[in-house]
Structures are given as structure tokens and as C-alpha cells.
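One chain comes next, on its own, written out as C-alpha cells in the form predicted on its own.
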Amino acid sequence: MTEKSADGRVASRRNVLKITGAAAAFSLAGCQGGGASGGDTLTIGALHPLSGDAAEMGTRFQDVVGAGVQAVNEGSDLSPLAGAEGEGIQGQDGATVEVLWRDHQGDSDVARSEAESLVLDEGADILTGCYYSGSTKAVSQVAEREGVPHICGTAIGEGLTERGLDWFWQVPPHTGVKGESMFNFASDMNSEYDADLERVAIIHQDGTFGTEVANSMVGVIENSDEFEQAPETISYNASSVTSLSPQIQTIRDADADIIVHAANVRDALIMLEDMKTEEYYPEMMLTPGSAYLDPSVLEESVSEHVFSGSDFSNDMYDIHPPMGDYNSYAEENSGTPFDGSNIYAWGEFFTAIAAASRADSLDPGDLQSSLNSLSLDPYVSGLPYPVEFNDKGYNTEAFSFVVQADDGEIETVWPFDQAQDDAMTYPVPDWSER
């Protein structure tokens, strides 16, 4: 959506709000409807998969966010974490925060219905979620229609901020950024380790997430003089697939050096088990993270040595001490430590807290203005990188490093100067040598 300014320039509504500030925000609050409370409680409606294959992950989301709610409402010594400096949200006179959880079941229609209920019936001030890109799109459309901020910290589709929305903000690195990091790593492996990596196979589940990952990776490869795609992109239906052996044979015949796989938890394990059965492993298994960073996958021995783009590793606390403090607090108060999935929910929640604390009020227009002008140093949002959104609502400061699975945990291997000396295993041993 665009508007023309006094000097004739066309600007997005995000920019207009940055310029006109509180007056415009008040006007929007009055005409958009939304769920503004303006009272002493910030109500966050969190929509995530809490049942089915992703139920365990959803529970871990609830655990760490529950610890976050405690840190805000009771205060903590987790400086510089947003909202942890005193009891309640200090920028809103100590307002408390509550999180209303809803299970979208991985179904976009359910996600849309639950989002409408949260805004229209429960008066949610902010929506968060939704891990799956399809559900995220459905919820963001409700947020756009009702004029309520939707902060997404758990879905990484590159196209999510390319829809001209004014009420949607994406915190983590999207698939394009992850792809650039992944192939910069592969390039550095060629130059530093003579890895001779060139041919890349891309295989993905055919949902919104998998398709967006595949498109982003194809784009990165097409812009590279160092890598080529072989074979053509392979897709499959994640809900019905029971074997990926035929696809693995196609990849083997194409003599691929790298496999990039975008998967959910179930098909990630099918892929790895079938690769073991077929006694096949490429020079490098390199994933965009997500399912391959889930503890339920990492605890399986077949996941050993897989490389992934990530913003979390179990050894990151030496380089990012505040993240170690946050992890200790979350584990002590919820029983659940950070992992490659729930750290996104933690960052999503504290980005919402930071925006609310800096807003003139909890009215939706003020929250929108606060998000549009947000500029957070590393760790304030609970993440190791800064947060600052562009005109499309994407966090341009988000970055991704590369990790490798090792005995049920993930360790940083790239950038090389952030890795422990003995962290990386390469070349990856054959199945018979493990």
C-alpha cells in the first residue's frame, strides 16, 4: 500500500507512519478496529502447531515463552533483555503481559479462524507465530484486515514480507539470507579445505515452506559462478511420502556433491534413514535448518554430521554470553533449554515486548509505529543479532551461521573464526565408518 507525500514522493504506509508519528497512529487506531486494550495488560495471541507431529516442538515453544512471561512480569537480572529490568513492562507503567496460546494444527483455515477469535473475542493486542509459512500467511491476512500487529519470529519464508502488508514483521533470517550463508560456507570450504563442492541437489516438501526454500536456493545458485544445480529440483508431498529412495537414486545418478533438503520432522527422518539404507551420502548434507535442528531429529544417530544454517548452537554461549544467561533462566524456570526451534519463539516474544515498551500506548497504531521505528541492539530481543525492520517489515539485521550436528547437539562451524577448533567433522565418514 502506498501514499503520496506533500512533496509528491510516493511512500509506503510504513514510512508515512514513521514520519507522522503519534497523530497518524491515533487516526489509524480509531479506524482500524483491532484489539487494542490500552489498559494494564498486553495480550499476545500466539498461534503455533501444538498437536500432531509438531506437538513436542509447540510445547517447547510454550515452555520458554512461559519463562519469558515470568521474566517480564516478575522482573529479572537478564539485562539487556527487553522488559526484564523491572516488574512489568516499564515503558507502559508496569503493564503485565499474558500470552493466549492457540493450536493451528498446521492448517491454514484453522489458523485464520483462531486468529480471528484472538483478535475479535479475546482482544489480543499483538499476534505472534506461526512456524509454518502457510499458517503465517493466513494469520497475517487477518492481522492486516483487523489492524493488529503480527510479529513473526518462527517462519522463515523469503516471500512473507513481499506481500505489501503494513501489519506484519518478520524477525529471523529468511530463506534467502540462509541460502547466502550456506553457500558462502560451501565456498569457504572449497577455498580453505579443497572440498571441491560444485553440484547441488535441491529436494523439498511441496508445501509453502519447502517451495520457498527451494526457490531461494535456486536463486542463490543461479547467481553463483561456483555452483550448479544437478539434478533439477525435486519435490514430494510431505503428508503422504513414506520413502524417498527413488529421489535419492536420482540424486546419486546426478553425482551431486551437496544435498539441500527442506523438510518437516517426519520426512527429514525418512530422508536420512533411506540414505542409510541405500548406503549413500553426498560430500555434504546442507539444510536450511528447521526440522534438522529439532531435538527429535538430532537425537537420532542418522542426523550426525548434517550441516545446517542456524541462528542457534549449543556452543554459542562462549561467543554470546547473554544468550547463555537467557538459556539458564529459561531452563531453570521452565525445565526446557534453548534449541534450534524454540529460540525463535523466545525472540518472537521479546521483540513484541520491546515494541510494546517503546510504544506511546498499547493501541494498535502506536504499536505499529513502534515496530516500524524499532532499532534494537543484539540480545535486547533475546537473539544474538540486532533488530531493525525495513519498509517491508523484514529484519535486515538478522543473520545465519552454519552448524553441524554432533552427538545430539549442534555446534558452530562457520564463520570459521566463531567455531571451536575441533568442532567440524569433514570429510563426513561413510555410513559403514560411523
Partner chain sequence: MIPLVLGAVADGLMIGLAYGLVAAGLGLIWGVMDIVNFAHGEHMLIAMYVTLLVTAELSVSPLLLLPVNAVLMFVVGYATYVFIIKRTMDGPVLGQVLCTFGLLLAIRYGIIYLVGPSTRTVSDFAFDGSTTAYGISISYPAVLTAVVSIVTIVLLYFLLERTSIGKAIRATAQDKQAAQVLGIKTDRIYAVSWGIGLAATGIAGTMIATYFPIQPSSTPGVWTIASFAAVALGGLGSIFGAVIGGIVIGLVQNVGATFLDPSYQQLYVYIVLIGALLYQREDILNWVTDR
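Residue numbers count along the first chain shown, from 1. Quick caveat, the model's predicted, so the values are computed rather than measured.
Form predicted together with its partner chain: not shown, discussed below.
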field: Interface membership of E279, its partner chain in the predicted complex, 4.5 Å heavy atom rule
entry: yes
message: Even though the partner isn't displayed, in the predicted complex is S51 close enough to its partner chain, meaning a heavy atom within 4.5 Å?
response: yes
message: Is E56 part of the interface with its partner chain in the predicted complex - any heavy atom within 4.5 Å?
response: yes
message: in the predicted complex, does G94 come within 4.5 Å of its partner chain, counting heavy atoms only?
response: no
- prompt: Of these, 262 to 270, 112 to 120, 161 to 169, 348 to 356, which stretch puts a heavy atom within 4.5 angstroms of its partner chain in the predicted complex?
  reply: 262 to 270
Contact residue in the predicted complex, from I234, V99, A230, V218 (heavy atom within 4.5 Å of its partner chain): I234
field: The single option of N333, Q141, S108, Q247 touching its partner chain in the predicted complex, heavy atom within 4.5 Å
entry: Q247
